[in-house]
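Let's start with one chain on its own, the form predicted alone, as structure tokens.
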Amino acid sequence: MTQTWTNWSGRQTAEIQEVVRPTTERDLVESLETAAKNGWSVRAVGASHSHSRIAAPDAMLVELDGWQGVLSTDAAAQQATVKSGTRIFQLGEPLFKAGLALRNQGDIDRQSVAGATATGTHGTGPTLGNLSSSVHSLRVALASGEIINCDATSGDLFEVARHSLGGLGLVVDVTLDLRSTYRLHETLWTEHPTSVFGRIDELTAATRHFEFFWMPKLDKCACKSLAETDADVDELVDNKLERIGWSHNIISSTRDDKHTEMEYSVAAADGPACFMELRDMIRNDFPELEWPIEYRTVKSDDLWISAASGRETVTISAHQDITLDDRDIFEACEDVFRRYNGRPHWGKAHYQTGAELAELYPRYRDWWQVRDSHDPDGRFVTPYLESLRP
């Protein structure tokens, strides 16, 4: 009997044959045995927060809500090992009690650790990498049912495992590199875009985190900076535009309004020009757009298929209400991003082909070759992932 899966926004749906809800490692292995017996593809999901079809199952869905929790913390090594289905917001307090914190996290904290690392989820800050770059090691159940340990000594396999698109195996647990707890001073303000970009380098360098949401109807930027501080928590609670708190309580925001999203990454030096071209296009061609455009920065990394691979990066995100058609505006945005050699976020809407993606990532074909060598039957290749093959 088929069942229907939907993603967080409700925009993506899929019909599936079986749902597995593991609570033990043996459950994970048995799910792979069942899938092999029936010739099914396997897709694990956490929050299903991706806007693309990267999380969409085809036959077997492994739902990770029963596979959550912090397994261990090591304050001296500044590491923690967590079950793959653990949501990012569930990490804050357990890590805090151990004197630890994530180095950075995204604007939303609802995703599972496995899903966020698989898709390269990130926050903002020119000295801060995406979550995948904080992966120290993983344990992964391969299609054969073997559970392997995978870290930097594993060579090319680690390069696929830590940014896997869900295509290598079922992640059992993840060990993350962390840092000691820290407090952040948040400041909010609005500013015109031409003023923001008149001092964008200053704003980006002034604090640990800087970002803004450009509001098309108002042509204003809702800006936010987060500066590391030793001041007492909640010292500025009387000022609604400023607050101080521990990092896990400050970085992320509540985003309950259902929407679809496209995000592209461009070289940091191209960020201002790309944004201004996008702004002009939206004001001229889509003056009715009410949802904002988000602008953030990400540190360069060496991951094979990271959007920040090999270059300091600016990310620009467009949003649309789920009750409205997003295709025309997203295609128009993508036309602009393509002119700046933009790379799409794996968990958000885009229209790139596998051949086009191979031009954007020098190691993309290598990623597929390593993936295929560990899953020759394509157990973890859904129709959507197959469509991205170079």
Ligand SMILES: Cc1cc2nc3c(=O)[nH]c(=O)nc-3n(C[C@H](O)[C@H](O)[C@H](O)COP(=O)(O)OP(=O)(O)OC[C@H]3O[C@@H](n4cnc5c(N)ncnc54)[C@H](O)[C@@H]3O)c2cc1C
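Here the structure is a predicted model, which is why all the values come from computation and not from measurement. Residue positions are given as counts along the sequence shown, with the first one as 1.
Not on display, but discussed next: the form predicted in complex with this ligand.
Residue in contact with this ligand in the predicted bound form (any heavy atom within 4.5 Å), chosen from 106, 292, 193, 126: 106.
Interface residue among 297, 119, 320, 247 relative to this ligand in the predicted bound form, by the heavy atom within 4.5 Å criterion: 119. With respect to this ligand in the predicted bound form, the three residues 45, 48 and 347 uniformly fall within 4.5 angstroms at the level of their nearest heavy atom. Residues of just one listed stretch (142-150, 92-100, 166-174, 303-311) have heavy atoms within 4.5 Å of this ligand in the predicted bound form: 166-174. The closest heavy atom approach of residue 112 to this ligand in the predicted bound form falls within 4.5 Å. In the predicted bound form, this ligand sits within 4.5 Å of a heavy atom belonging to residue 84. Taking the partner from elsewhere, residue 199 is found to have every heavy atom lying beyond 4.5 Å of this ligand in the predicted bound form. For residue 32, no non-hydrogen atom is located within 4.5 Å of this ligand in the predicted bound form, even though that partner is not displayed.
Residues 255, 259 of 244-267 are found to place at least one heavy atom within 4.5 Å of this ligand in the predicted bound form.
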